[in-house]
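The data below hold one chain only, encoded as structure tokens and taken in the form predicted on its own.
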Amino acid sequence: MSSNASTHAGSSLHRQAVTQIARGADLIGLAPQYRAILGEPKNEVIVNFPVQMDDGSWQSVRGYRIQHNNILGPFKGGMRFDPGVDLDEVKALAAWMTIKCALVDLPLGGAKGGVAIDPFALSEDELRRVVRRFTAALGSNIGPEHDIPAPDMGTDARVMDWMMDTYANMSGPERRNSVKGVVTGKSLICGGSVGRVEATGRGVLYALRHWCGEHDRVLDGMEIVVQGFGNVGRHFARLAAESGARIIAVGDHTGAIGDPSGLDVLKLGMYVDEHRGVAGFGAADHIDDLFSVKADVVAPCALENQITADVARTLSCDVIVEGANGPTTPDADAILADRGIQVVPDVLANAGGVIVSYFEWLQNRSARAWSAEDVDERQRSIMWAAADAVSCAAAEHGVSYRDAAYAVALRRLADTYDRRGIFP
């Protein structure tokens, strides 16, 4: 199998997310009305808009913004630019965001968006036109008190800056400097937060550290396999290596490489910047099957449904720490449990990104900038509290970390609904 396993034909990520919610709901006896609410998104916004290309031709582009739930606060979630973006995928990602924000106890709801386009096939001018037209098409469906996008696969601070600027220029002149919080993940000069770029990868490391503490393990000397070397995988690998772990194998869409003595993550990062993939990195050996490498930790930080049942049967590791959203299929989860391989689930492990996005939003609202030390310490505190809650729930119910995480999140959502009621 290659380093990027394909998604099962005909599979539905949204059904997978709903099934995971149902398992957590069963644990806490969630009321039927709340199950119904959480089974579908509150709003599904689909827009089609024309974009002029550099050669003068026009292309019709489809974009999505799925708003799953906002009982805890404004909708929050990334914007994904990828040719494979579709309604089912974005609905699943939005549902996972609802669970994630509730789990880490943020006053935010869940949303996700995207555009079905390859951003790497566009010139900078074409990409900017896509972003601005998409933002204009969304209009009042987003806003700093309503729905707050962030970066995701195929987007970055540059894209967020364009989204913010477009929204600001669509607002009245008296509001143009007060709406910077319409998106997070911006560049520092445009109102971003220190620590946001590496926040998700740092959160994956915090989740692994917490697992080590529970199981009397130490990060120093651990052997780690990382799938995906984008924003999440790259920063997690660097931070883990700085903490004494050895990154013995890395894979992405171009292939997989390894070195039993540990890859030089910084040099690999510079190589990927130039070659847009890990394949051919001269200081490492080629690997045919990334998931066949024996390690202490496997960190899938790429796409959904990468750890399938077939992969789960052959993996040789102690723990999987999910840096990606939905990387493990339900069938694989069951096999991993039977084999005694633990999984630190995505809704906990990759929550660092939305946590620091929340910090950015708070800084924008108060027109203040926090120090890197403040951001890191506050992120660690929130991640640690969430991991503690998951561990306690897992012990209480005798279930996996994934089911426990959903139980914790759903209890917080249910408690809020119990107090507020369902309008009207």
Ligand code: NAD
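Position 1 is the first residue in the sequence shown; the rest follow in order. Remember, predicted model here, so these are calculated numbers, not experimental data.
Separately, the form predicted in complex with the named molecule exists; it is not shown, and the next lines address it.
Contact annotation for residue 271: none of its heavy atoms lies within 4.5 Å of the named molecule in the predicted bound form.
Using a 4.5 angstroms limit between non-hydrogen atoms, residue 333 is distant from the named molecule in the predicted bound form. Taking non-hydrogen atoms only, residue 94 never approaches the named molecule to within 4.5 angstroms in the predicted bound form.
In the predicted bound form, the named molecule lies farther than 4.5 Å from every heavy atom of residue 186. Note on the interface: of 257 to 265, 150 to 158, 309 to 317, 133 to 141, the segment with non-hydrogen atoms within 4.5 angstroms of the named molecule in the predicted bound form is 150 to 158. Proximity to the named molecule in the predicted bound form, defined as a heavy atom within 4.5 Å, singles out one entry of 90, 232, 298, 182, which is 232. For the options 202, 210, 80, 129, the residue carrying a heavy atom within 4.5 angstroms of the named molecule in the predicted bound form is 80. When contacts are defined as a non-hydrogen atom within 4.5 Å, none of 35, 390 and 405 contacts the named molecule in the predicted bound form.
Although the named molecule is not shown here, in the predicted bound form the stretch 277 to 304 places heavy atoms of 301, 302, 303 within 4.5 Å of it, in sequence order.
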